Structures are given as structure tokens and as C-alpha cells.
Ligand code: NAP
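Just one chain follows, in the form predicted on its own, and it is written as C-alpha cells.
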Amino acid sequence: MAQHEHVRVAVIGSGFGGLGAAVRLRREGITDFLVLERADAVGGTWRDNSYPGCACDVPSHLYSFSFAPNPDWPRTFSGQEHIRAYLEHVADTFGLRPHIRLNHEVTVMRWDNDELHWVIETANGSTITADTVVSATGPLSDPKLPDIPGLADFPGKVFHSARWDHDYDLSGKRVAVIGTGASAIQIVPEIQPKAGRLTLFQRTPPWVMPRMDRAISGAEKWLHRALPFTATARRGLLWGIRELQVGAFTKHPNQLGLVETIAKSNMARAIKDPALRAKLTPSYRIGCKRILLSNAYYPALAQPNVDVITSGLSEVRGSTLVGSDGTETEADVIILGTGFHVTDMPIATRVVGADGITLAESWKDEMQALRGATAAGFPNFMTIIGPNTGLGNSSMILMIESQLNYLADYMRQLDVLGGRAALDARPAAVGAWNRRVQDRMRRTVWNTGGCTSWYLDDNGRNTTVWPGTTAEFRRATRSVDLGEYDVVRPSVTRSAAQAVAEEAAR
């Protein structure tokens, strides 16, 4: 039977953002909440991405919650299975399981102006109402599939890196990998020894730095368990180093020349063929696209069973793949490392605000949200990892925790207001915040580095990355300024009797 229930807060998604929000709500004394998850387990992107070699490019002790340190990370850069296990551990440790509804994909969320709550419908027929919604679906949750003529008629196997088919055996197969982003450079070294032939379609070569990964010793783990402040100090050191790097990305991109030299040396050690080296050398400033880390990518490309095509895939004719430069190759399987819907998040099409328009329609020209969290016309709706909260060189967990601070104060402000109330970001406040962010963006490496990246939307605006330090963002999200919001109260057309009845029901 369809479920009908009301909660104070509904959290959408159970990755780092969703579980972090749940923990923070409990720390604020709020237990009347649900976490709605479309899949059959928690974990978000670290559940979905299980491809061979999947790992994080941020050090483990920084890529974890400050309130849930893990002294037992096995490596300095942990793999997908360990990060997913960590998130399961967080769900258990903080008693979140009773609040989590698995297999509850949200199909639509509508703001009810009269009742001052969100009406949430899920794919399994449940209807849930919530005073406040926290959307923590994340920008790396929905794979972006390319529109390539003939792809649908390819006679072989096709799958996205985030939907890996573990039952398909790549041994001896002619494998085509489309894309050279963070997923592809981890996949290629893992599958190259198995493939009969591996063809990499590279539209733009990435900058690849050495990956300083190693096993964490038993002595280090013991020290972090026995003396927790040592783990805190380690985390602080990792954070501080990355904070010092921010200026080169945001103010002085020319300072990144030395980093390019290191990346070129990393390539030269493995790629001896001058022609292949020329194919793999980027023509844009390092940092313009996300800097990738790998010790195995270049050695894999140098193997005799690997071909690099310096163009995108433009057409599929049966089992023949045609590059945009006319190059043809045969394939048995196509692996799409083509990224995600980042600047056009599908969840935005399912959120209907106070004026009856969707969040996607509100963002049709440009994604923008006050302090990366709230959009005008969508009362009591907050996004975790919203517009311009991404990072190019540090841990997203730092940004998530800052947004959780903002969420906590948002809930406190609603309590202070008393009665039935909602907060709706003022358009002027959203616009002023966005102008400040975009003004700072102009001289960053992401806008001046000479590349086209997934940070940019269709209009060429960078609506993804935060152009400052994580400390700056934490200060900006420390508390809610009520002057940036309109306070919404129940409609005066509602009868007094109806209001009394509803209050009694609560």
C-alpha cells in the first residue's frame, strides 16, 4: 500500500551529502526526518561507480567527515570499496538506518503555498510531505550518455563507467574507451592487460600528475587510534597544503607552470614514442580541467595493444567506430567514460517551486543559488553541493560540512521565527551572490586556461567550481542572514478553523 507520512525534513540521496545532513540534523536535536534513496543501498557515487581501479584522488584522511574520523584507512588514497564501507559505517554508527528509505526514487517535489510544505512523490507510489527538503543527489549521480549516430544499433556491448557490467568478460575483446576523464584514466590501466585490443578516443588530453599513493602502515593506524589528535593533525596538514595552492588556481594561473613541468616529466618517463607523446600533451594551462593522478595510465598507453585516437567518437556503423577525424576502428565493446549531468542536474526537472515552475526552468540560463544552497522561489529547499561549490584541488567533504553548518542555522532560524513559516531566498540576494562569484571567476585558471571543461555550462559560464579557499566558503556559510530571505507565512485565505484543526493534528 502507498505510504503517506509527514516529516519535518526530507533528505534526498544517501551519499556523503545526504548522510552528512542526516547526522547534522540529529546533532541539532532533529529526529523527525527521512532520507530518501533511489537505490537499494547507501553510498551515492561511491556505490554506483564500481569500475575496475575506481579510487579517490583526494587523500583518505581529508576525504572523510571531521566528525567521523577513520584511523583504519588502508591507503593514503583509498579505493571505492573502502570509501563505500566507510559510508555504510557512518550510517550504522550514527543510527541512521531507521530514517533511510531505500528504493524510494523521487519523481516529483511540489511546493504547496497554502500548506507551506513540500509534497514528494516517489516511484514506488509513496507520498511524503515535508516542511523542508535537503537535496543531496550530487552532481556526479546521473551518467551523461553521448548522442552519437548509430550507437543504439551497435551490435556489441555498451555501458557507462558508472554502470559497470561486472558480468561481461573483457578478455581478448576489442575494447573502445570513450573519454579521458578521471574515470577513464583509472579504467584503462586495469583493463589493458585483458583486452585483445584497446582503443582510446581522446578529444582532449588530460594533465596527469604522479599519484603519491602507498599503503598506510599498521603503526600509523595504531597511532591514530591511540592518539586521535595525530589523525586530526594529519588532516589539518593535508588541508593546509591545499589551501596554499588555491591562489595559483584562482588568481595567478601563470604560477602553475612548474606543475606542468612535473606532469610532463611524469609522461616522459613512460612515453618514449615522440608521436604518442605529442598526442598526449595538452595545449591548455594545467588546472583548467581537473588535474588527474595516476602512475599507471601512461605506461598502459605505451603498450602494443593500445591505440590512441586524438578525436571524439562521431559515428558508429555496425561494429565500426568512426572518429571525428575519420579514423575507423573495430570494437566488440564500448565503455563510455563521458561524465555526468553536472550543470543540468536531472533532479532540477523534478522540483516545482512556489510559482509553479521547475528548478530546471529557473536555471535555464544559469544555475545560481545563494551561498550555493538556496534558490529564489523554492522555499525551505536547500541543495548540498549546489552551484559553485565544487573544488579543483581539495576535498568536497570540506564544502559539504560548511553547507551542513548553513543547514543547521537555517533550521534554527525557522525555530526562532516560530509558528508555520518558510524561508525563500530573495532574488536580489541570489543575484548579488552570483555576481560576486562570477566576478572572481574571471581570472581563474578555469576561465582563462584555454580549455573547455565539464565545469562550464552550455553558455560557457562556470557554474560548478568555488573560486576561493574552503576557509572562505566556511565563513560565508557560517550562519543564515535573514536579510537575504523573505519570510513566508500561511496564506490569509485559509480559514481560522482549518488552521486550528491543522495545529491540533500536529
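The model shown is predicted, which means the values in this text are computed figures rather than measured ones. Start at 1 and count along the sequence shown; that's the residue number.
The form predicted together with the ligand exists for this protein as well; it is not shown, and the discussion that follows is about that form.
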* Heavy atom within 4.5 Å of the ligand in the model of the complex - residue from Thr204, Thr232, Thr76, Thr129 -> Thr204
* Asked: Just one of Ala248, Ile148, Met411, Val306 has a heavy atom within 4.5 angstroms of the ligand in the model of the complex, so which one?
  -> Ile148
* Partner proximity in the model of the complex: Gly95 to the ligand, non-hydrogen atom cutoff 4.5 Å -> no
* Asked: Quick one: does Phe340 come within 4.5 Å of the ligand in the model of the complex, counting heavy atoms only?
  -> yes
* Does at least one non-hydrogen atom of Gly312 fall within 4.5 angstroms of the ligand in the model of the complex? -> yes
* Does at least one non-hydrogen atom of Ser135 fall within 4.5 angstroms of the ligand in the model of the complex? -> no
* Tell me, please, which stretch of 177-185, 268-276, 367-375, 112-120 lies within 4.5 angstroms of the ligand in the model of the complex when heavy atoms are compared? => 177-185
* To do: Using the arrangement in the model of the complex, list in sequence order the residues of 30-61 with any heavy atom within 4.5 angstroms of the ligand.
  => Tyr51, Ala55, Cys56, Asp57
